[in-house]
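Given as structure tokens, the chain that follows is alone and in the form predicted alone.
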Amino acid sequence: MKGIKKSGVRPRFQVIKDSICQAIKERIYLPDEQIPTEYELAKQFSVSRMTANRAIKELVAEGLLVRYQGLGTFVAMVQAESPLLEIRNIADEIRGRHSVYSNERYRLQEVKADKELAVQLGITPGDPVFHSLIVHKENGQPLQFAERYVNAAIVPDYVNQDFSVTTPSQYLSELFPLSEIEHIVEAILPNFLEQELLDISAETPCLLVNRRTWSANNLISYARLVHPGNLYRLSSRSEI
């Protein structure tokens, strides 16, 4: 049985909770993998089973663990969720789920806008546009295929950024506070490049989010965000 490190001076149930969360974050325990029993945790941390039970119950309530009667307690398969009516930094979303964020950059270059892209960005065909293609990952698993086109006249330094340090969304939102967002969501099957970079099959249902963003009435970027449907969902909430 894998071990969980003991921590500093805190309520004992919180020590157990924090240690389990850290073990999940460090991928000592993977999704769908069983964690130690209450008895084993109580013995490891020199606490009562009631204390160990409280730690596990709270993590189950928070969605990090799931209990199966007669089988034990397992790390939950957490489905990523993003708000539809706002933009959040995907790196922050992933870290907020106690997961490890990483990405791979495949393209960051200047291109000339074709007619379709010119319409999306409100520019003239042939105008310079910056094109980036980045795959965002959660615990090493591809979660989002992010293809973005940015108006080079408005964001001239986009192509010079190190997007292993910051994400395009974070960079753009800090530089140009958003004034308007457009989201168009579609259910699609992935094309060949999306299959390859997301490591999925041609039959995998995906969510495609077409996103355009404005700042001070300037159309800044147009992005195609593709997510495997079994790993991602969108939410929306508004007052009536």
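Start at 1 with the first residue shown and count on from there. As the structure is a computational prediction, the values presented were derived from the model and not from experiment. In this text, rigid core is short for the largest set of C-alphas that superpose within 1.5 Å between two forms.
A second form of this protein, the form predicted in complex with the DNA, is not displayed here; the remarks below concern that form.
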For the three residues Ser201, Pro205 and Ala223, which mark the spot I'm curious about, does each lie within 4.5 Å of the DNA in the predicted bound form through at least one heavy atom?
no
Which among 207-215, 25-33, 53-61, 170-178 is in contact with the DNA in the predicted bound form, heavy atoms within 4.5 angstroms?
53-61
Picking from Gly122, Pro125, Gly72, Pro156, the single residue whose non-hydrogen atoms come within 4.5 angstroms of the DNA in the predicted bound form is Gly72
Would you check, heavy atoms only and a 4.5 Å threshold, whether Glu38 touches the DNA in the predicted bound form?
yes
Since only the chain is shown here, I'm wondering whether Gln44 would be in contact with the DNA in the predicted bound form (any heavy atom pair within 4.5 Å).
no
In the predicted bound form, does Ser48 come within 4.5 Å of the DNA, counting heavy atoms only?
yes
Using a 4.5 angstroms cut-off on non-hydrogen atoms, would Phe192 count as touching the DNA in the predicted bound form?
no
Under the 4.5 Å heavy atom criterion, name the residues of 10-30 that approach the DNA in the predicted bound form, in sequence order.
Pro11, Arg12, Phe13
Lys17: after superposing the rigid core, is there a C-alpha shift of 2 Å or more between the shown form and the other one?
yes
Comparing between the shown form and the other one on the rigid core: C-alpha of Arg67 shifted by 2 Å or more?
yes
Superpose the two forms on their rigid core, then report whether the C-alpha of Lys43 is displaced by 2 angstroms or more between the shown form and the other one.
yes
